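Presented as structure tokens, the chain that follows is alone, the form predicted alone.
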């Protein structure tokens, strides 16, 4: 199968995380022929792809053209990382692009053709979305193996709290009063923040359904966290998706 990895505007960590698969990356190479992966090689060959992986947000015209190419020339498109699935931190910055340019550069001229950062899912249809900042690298490994073997991948639609209970971690929200977004954040990280005695920061984005941000907001406010702090915490990775 033919695979391409395309990087839009982001920190580069999502593409780098694929290389951090180390030995398992060689397992993938038994099934995939890599046609483009800038983080790994300067080799590039334009061809129709079986699978295209896209990381980052659409933040300039070049990003948009790369994304549309990846969509148009692939059978499966995977949005990888929270920038691609929800917009993440850069998507959470408020204000219009020309206002930001003026604030930073002193001019509203947009010579770099910058766009307001948005997740790829707002521009094209994606077949699979794996969130996380960083995402669990074993998730992309398993997804690629499933696709190569013709197995229907499992989509995760349960909260981080489920993984806390399965691991028998102490609830940091109830027991310690820490601001934990686990009840409204989609699982798949194996509750790694709670494992470290910290509250979930919501980096995998909101649950696709049945999330109750209003209830979470009220609980945290009753614990003494002020509204502005909570507003910023809720939107850090999810932009305006969480409302209360």
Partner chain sequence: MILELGEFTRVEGNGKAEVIIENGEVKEARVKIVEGPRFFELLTLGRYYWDVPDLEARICAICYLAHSFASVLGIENAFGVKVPEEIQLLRELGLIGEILESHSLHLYLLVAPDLFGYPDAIRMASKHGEIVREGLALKAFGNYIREVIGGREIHGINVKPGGFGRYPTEDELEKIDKSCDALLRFAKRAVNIFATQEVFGAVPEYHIATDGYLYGEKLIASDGERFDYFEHIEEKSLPYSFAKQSHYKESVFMTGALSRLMVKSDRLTPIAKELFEQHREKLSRGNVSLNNLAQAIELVYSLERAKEIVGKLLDHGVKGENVPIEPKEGEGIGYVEAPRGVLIHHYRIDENGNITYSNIITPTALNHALMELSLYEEARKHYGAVDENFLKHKLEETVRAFDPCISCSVHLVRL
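Residue numbers count along the first chain shown, from 1. Given the structure is predicted, the values throughout are model-derived calculations rather than measurements.
Below, we turn to the form predicted in complex with its partner chain, even though it does not appear here.
Using a 4.5 Å cut-off to its partner chain in the predicted bound form, each of 9, 62 and 133 places a heavy atom inside that distance. Contact with its partner chain in the predicted bound form, judged by any heavy atom within 4.5 Å, is made by just one of 92, 173, 145, 126: 92. Though the partner is left out of this view, residue 105 does reach within 4.5 Å of its partner chain in the predicted bound form, counting heavy atoms only. Contact check for residue 223: no non-hydrogen atom falls within 4.5 Å of its partner chain in the predicted bound form. For the chain shown alone, residue 155 is not a contact residue for its partner chain in the predicted bound form, no non-hydrogen atom being within 4.5 angstroms.
Interface residue remark: residue 71 is not counted as part of the site for its partner chain in the predicted bound form, having no heavy atom within 4.5 Å. Annotated contact segment (heavy atom within 4.5 Å of its partner chain in the predicted bound form): 84-92, selected among 160-168, 145-153, 84-92, 71-79. Residues are counted as partner-facing when one of their heavy atoms sits within 4.5 Å of its partner chain in the predicted bound form; in 95-117 these are 97, 100, 101, 103, 104, 105, 111, 112, 114, in sequence order.
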